[in-house]
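Single chain ahead, written as structure tokens, the form predicted alone.
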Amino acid sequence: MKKKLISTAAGMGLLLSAACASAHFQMIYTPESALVKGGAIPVKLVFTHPFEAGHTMDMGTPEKFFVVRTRGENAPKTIDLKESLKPMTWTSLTNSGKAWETTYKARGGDHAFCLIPEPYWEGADNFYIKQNTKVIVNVGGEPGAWNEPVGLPTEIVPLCKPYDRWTGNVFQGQVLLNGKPVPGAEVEIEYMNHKPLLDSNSFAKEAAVEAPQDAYILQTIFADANGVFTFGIPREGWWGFAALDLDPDYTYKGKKCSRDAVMWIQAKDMK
């Protein structure tokens, strides 16, 4: 009986640590996804727990950070932004972690910001996490190629404009691995529940909503046979979608590495 209890406790510990690791969300944050006019915008790269403004992980030097700009029928233009990044410290409600920031001059059309981060070592679970992340900003309502893949190894491609969602709309995305759909992909969803304060590089202490139970902090849905998932948007603000462990055989430095795809969208209340 004693052995059984120890085994059960160990199993629960593994589940808890896995749940903790899966709550990690790579952010590419800028205040607005739909700009009326162009200009210089702040961009912050933070690896954290956005719903709780919880533990912020130290980011290594990004492998790649670039933006794909599209405007009307013009060919996409890829701009390397890695050299523009500056290290900074981001403060959550529990700690501070190494992060990155830059300023970008946005013009008309779509701007797909794309990050391939250095893998993060999650010691509690004995594996690495690599969350390739994307967010799309539009300027002036001018059309762009928002529904075209940008070529990330793991990617969520929006099937509806990610910057025109009203509260109550749905968001659909397709999960890709090396350009091919991932059937049945597991997708975690988290709300940015604490406002990012750009002047202090920190989260606001006040939460927008209170979760009635821990299950509401991190929601989980699954994609269909074509890698497509659908989510109804219940509240205005930023929502993150993370498709997990899309390449189960992928390793880094001889250890398992969860190769994820993350995308952020912003919804607005209809007033």
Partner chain sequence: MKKIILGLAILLGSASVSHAHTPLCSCFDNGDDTITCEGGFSDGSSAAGVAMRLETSDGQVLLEGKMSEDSEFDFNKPAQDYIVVFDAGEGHRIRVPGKEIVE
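Owing to the predicted nature of the structure, the values given are computational and were not obtained by experimental measurement. Positions refer to the first chain, counted from 1.
Although it is not shown, the form predicted together with the partner chain is what the next lines describe.
Among residues of the shown chain, residue 71 is one whose heavy atoms approach the partner chain to within 4.5 Å in the predicted bound form. At least one heavy atom of residue 161 is located within 4.5 Å of the partner chain in the predicted bound form. Using a 4.5 angstroms limit between non-hydrogen atoms, residue 98 is distant from the partner chain in the predicted bound form. In the predicted bound form, the partner chain sits within 4.5 Å of a heavy atom belonging to residue 107. Interface residue among 184, 153, 143, 76, judged by heavy atoms within 4.5 Å of the partner chain in the predicted bound form: 143.
With the partner removed from view, the residue among 42, 234, 38, 60 that has a non-hydrogen atom within 4.5 Å of the partner chain in the predicted bound form turns out to be 38. Heavy atoms within 4.5 Å of the partner chain in the predicted bound form are found in one stretch of 30-38, 46-54, 207-215, 60-68, which is 30-38.
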